[in-house]
Each structure stands twice: as C-alpha cells, then as structure tokens.
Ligand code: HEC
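In structure tokens, the next block holds one chain alone, the form predicted on its own.
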C-alpha cells in the first residue's frame, strides 16, 4: 500500500491527479447522498455534481499514470538504468498492492457509473432544459409550465426514446452550449425546429390517431370592450374526426395511414406553396397556388410530409394574445369584471412596449391606476383593491408572454390552430390552391366546425343543453 501511494504521489502530476480524483469522488458521493435523503438543489448543483466533477475525476485518473511515467523516466535518466517496477506475485506485498488496485478500480468504476447515470438524468430533466440557460430558455420554460404538457418532460417530445435520437440531441446540444457561452444564439430563437423528430415517434406515443374521433362541443367566453365588459359566448361543434373504423373524416381526416400529404413552403412554414395529396389508391394530386413559388438560391423551399406539428405548432410553448388573455383572466375570476372598461384598457396597456419585466410591471400598474384615478374616480374610490389586483394580473400576463431580452413580443410565434390571429388553417385552405383538374383545397367552414351561436349573451343552445 505504501509503495502504491509512493507511485501515486512522487511526481507533482501524480500528486495533483490523486488529489483531484479523491476530492472529486468525495464531492460526487456527498452530493449523491444529499439527493438520496431528499435535499433538493438547483440544476446548477446537478451540473456541478454529475457533469463537471466527473470530468475532473477522469482528468485526475489520467494525470496519475502520466506523472508516474515521468518519474520513472527521470529516475532512469539519472541512474542510466531502466527502473520499471518488478512484479513478483509470490510476495505478499505485491498481492496486497494488487488487491488495493483492483478495489480502487472497482470503486472508480462505480463512481463513474453513478455519475454517468445521474448525469444523463440531470441532462434529461426539465429543470436542466428550462433553467440552466435561463436567459435563453426563459420564454420556452415560462410558457411550458403553464401549458397542457406541463407534466410531460421536455425530452419526451424533443428527443423521444432510443439511443439514435439521444445521440443526435447531445451533439446538437454541444453547439448550443458553445453558442450560449459565447453569446452566439439568435434572438428570438427561430422556429420551426427543422430537425425535430417526426410527430409519429413522439406525439403519437400518447395521442393515437385511432383514439380521437367524433365531435366536440366548444364554448368560448369573450368579453366586449364596452363599459360593462359585456360577456358573450360562441358555441361551436368541432368536427375533430380522425380514424373511425376503416374511414377517416373531420379535421383529422389526413391521419389515415393510407393517405399522405406533402407540401412545399418557405423555411418558416407560414407560406405554403404546392400541396401534394396521395390518396388510399396511390393516386397523386398536386394543388398549386395562383402564383409560382419564389424559390431562390438564398432561400430554398423545402418539401415536407405533413404531421401533427404543422397545425399544432404550439402544443406546449403557447403564447397568448392580449384580448384572449384578459378574457380568460376575467372568466377565471382573476380580474374583476365590475371595473368599467377593463377589457378595453387592459388590451391597450398590454400592447405597450417595455425594456424589461420589472419596467413592465411598474408601467402597467401606473397606467391602470392613472386611468381609474383620473377618469373613473368613483370606481377608484370604491374598488381601489380590485384595480391594484388587476394591475398585478396584467403585469403577470405581460411577463409570461413578452420577453424583451429575447425580442419575443405578442406576435413573434404565431399559432396555426384556427385562423383568427394568424392564417393557420388558411395557409392551405384558402381556395387558391388548385389542381390541374380544377379542384381546390376547400375553405368550407362546416368541414371543420358547426357554428351554433356567435357572440351571444345568452345562447339558446346552451339553455337547451342545460335543460336536457
């Protein structure tokens, strides 16, 4: 044992390696033990414990034999004779040294295996994805935690199962680390993600095409911009459709595995040119727009097989609009509908620009308070608490949808579901994409939904449903 320690410490490099390895191993085990007993830490603790310290641990292991080798060379040069160690396994000291080496090797393997496992776990965690690079991922993480997929880990959609895509993601992540470190990343982060895994290998792990079909009643509550913030309701029957038996129909008719839809678009996928439909019989029909696609060498267009994210392009990172965000807050009781002109003033105030979240919260409060104090003094006197609460809620709405440091504003990331805010469905369903036979991609509203009531204060259809 003494001889082993001598070889591990007689050269400065070996001594440094031994110290580095021992210290790293001790810290890794301490942090792993803290996690086992339930002591939570920030993602930066995980990065230190299972990514940085293991690298230092391995570096120390590499330095030990390098130092030992240099010490042997120095001794040989000094004496003129080679001084390689002589291993006599009949000697008890050699046997003890070998036993210690094997034991230390096993301990090293266990520590590295633990660090590797925990390192993968850390890198696959939502906290690592969303908060480790906070300045870059703040918009995505903020919208994620308030989304329908808030309990689905980032890697489930962005990577999925299998070693192949895991390796691709880590290679891509290496450049992301470099770009974040040296401030090379674009602002805002461009979408769509062109190397995203096909939806059939991620989305369809949960959302089976054969499991959604039929119709869905959709009641949408909105509030007018008048003094009373008048409540109205729109009632729709959404023809969700999908694969029902041997036939696909409704909005999701194209999920039929016998059908394939391809399209050619600009890199943003906001403008769609040719659309190619291959039906169940193998017949191919191409629909072309009125004007030819303006393809150039600088901006080549891409052909893509249509899948879930071409319409559901914001399934998780959903950015709202001022009017709908206020509507939802009033309907949920977070905003007091009794405040006159709250909807109108709220939308106006939310559309203002600020340099930071702190400035936005202060500016929004000042604007709303000034309006009620100066133009609605009676309301201010009777509902001061509600006004101040409304200012806080409007500040929260602004700071969860707008991110000045990343140049993310209200319309940076359009949502393709529907067609009220962006073209969405109408990118294809515009009745301008026409085939050689004269057929067009229909814009028939009733193909997707039936309108039962449109912005009515007391829709008769809801009274009928309630009476049944």
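Positions refer to the first chain, counted from 1. In this text the structure is predicted, and so the values were computed from the model without any measurement.
The same protein also exists as the form predicted together with this ligand; that form is not shown, yet it is the one meant from here on.
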**Asked** How about residue 371: is it within 4.5 Å of this ligand in the predicted complex, going by heavy atoms?
**Response** no
**Message:** Please tell me whether any heavy atom belonging to residue 33 falls inside 4.5 Å of a heavy atom of this ligand, as the geometry stands in the predicted complex.
**Reply:** no
**Message:** If we define contact as a non-hydrogen atom of the residue within 4.5 angstroms of the partner, is residue 263 a contact of this ligand in the predicted complex?
**Reply:** yes
**Prompt:** How about residue 97: is it within 4.5 Å of this ligand in the predicted complex, going by heavy atoms?
**Reply:** no
**Prompt:** If you check 252, 348, 383, 337 against this ligand in the predicted complex, which one has a heavy atom within 4.5 Å?
**Reply:** 252
**Asked** Since exactly one of 365, 344, 149, 118 fits, which has a heavy atom within 4.5 Å of this ligand in the predicted complex?
**Response** 149
**Request:** Look at the stretches 384-392, 101-109, 351-359, 265-273 and give the one with heavy atoms within 4.5 Å of this ligand in the predicted complex.
**Result:** 265-273
**Request:** May I ask you to list the residues of 425-455 that have any heavy atom within 4.5 angstroms of this ligand in the predicted complex, in sequence order?
**Result:** 425, 426, 427, 428, 429, 440, 441, 442, 443, 444, 445, 447, 448, 449, 451, 454
